[in-house]
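Consider the single chain below, provided in structure tokens and representing the form predicted on its own.
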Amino acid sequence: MLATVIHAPRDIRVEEVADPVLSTGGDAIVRVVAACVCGSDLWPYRGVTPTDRPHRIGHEFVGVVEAVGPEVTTVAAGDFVIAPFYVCDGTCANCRNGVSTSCLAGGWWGSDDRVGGFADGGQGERVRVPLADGTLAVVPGPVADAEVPGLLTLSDVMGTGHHAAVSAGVGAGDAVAVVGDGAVGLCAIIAAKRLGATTIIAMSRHPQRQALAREFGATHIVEERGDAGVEAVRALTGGIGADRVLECVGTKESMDQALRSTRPGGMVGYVGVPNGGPELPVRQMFNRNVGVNGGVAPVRGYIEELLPDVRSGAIRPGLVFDLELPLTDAAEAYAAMDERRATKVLLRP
């Protein structure tokens, strides 16, 4: 079968790899219907995080279950499923506490899963899914092909944007600023509107993404950054800053922008993977009573909540996919996102 393998920075190849096999009793084999490239995949692609050896990559996919182990009880062959960007059992203390990303038995796609060895990367024709009962979310059928992009966002970006909004405490009537106009930032706009925010400020310099932000519910666009960006947000929020700011990038500059754009007593919800050296100025936060909450998004726990709105069309996060390519063109998918020619790329095996 074919799968995407990263060999070194900017060296993405689609190669023949071994077909997955059931090995633990609690796993499943999923035929991938669609996968995608995540902004966090760009960190190893750019060499920011090291690639010590060639390995499969990708952590967002939806597909159809082909086979399950004898211990699997909630997933069956033929089910259409959403795979979150990590593996979890759904039963340990951390999962029960709502932090399934810290599952005591789980792990990450493309790394050791602790319950059966190496977990496959998600950008391939088939994937072995450890802990299938806890990891996979079944979508009641039939599933139309037009639904696939929206369902795929529930594996990561829609749930991650939602986590930013939930972590910041977005509620009815809030003024919200979103730092970052990638797929997660755009989904955070959807989440903010869904939770009742009435002023939503998208910080974006990209015309196509600005247009999509407005379609998703942004009421204002701020192109400025630094001090000018802070002043622009304050000018739109009665001179004090946003009630909630959603940080969806993960750099030192984006976190600084988020903190300084928040009103005294407000909250930053952060989900940007911190590969760009973000820092927390505790004295500044202390003086202004600004809080920070968030982290790696436990998206598995949000799928059932968000799924009805995606399927009904009440929210349309699938629009973040502005380029679709065959799996064999995965290298071009990475290049397009790296060069900001695409917001998010959907791959079809």
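Nothing here was measured: the structure is a model prediction, and the numbers come from that model. Residue positions are given as counts along the sequence shown, with the first one as 1.
A second form of this protein, the form predicted together with another copy of the chain, is not displayed here; the remarks below concern that form.
- Using a 4.5 Å cutoff between non-hydrogen atoms, Cys248 does not count as a contact of another copy of the chain in the model of the complex.
- Though the partner is left out of this view, Val148 does not reach within 4.5 Å of another copy of the chain in the model of the complex, counting heavy atoms only.
- Shown alone here, Gly107 lies farther than 4.5 Å from another copy of the chain in the model of the complex, counting heavy atoms only.
- Although the partner is absent here, Gly294 lies within 4.5 Å of another copy of the chain in the model of the complex, judged by heavy atoms.
- With another copy of the chain left out of view, the stretch that reaches within 4.5 Å of it through heavy atoms in the model of the complex is, among 74-82, 92-100, 134-142, 190-198, 92-100.
- In terms of contact with another copy of the chain in the model of the complex, the residue from Pro207, Gly226, Gly265, Gly173 that brings a heavy atom within 4.5 Å is Gly265.
- Contact annotation: of the candidates Pro281, Pro308, Pro50, Pro54, the single residue with a non-hydrogen atom within 4.5 angstroms of another copy of the chain in the model of the complex is Pro281.
- Scanning 32-61 for heavy atoms within 4.5 Å of another copy of the chain in the model of the complex gives just one residue, Trp43.
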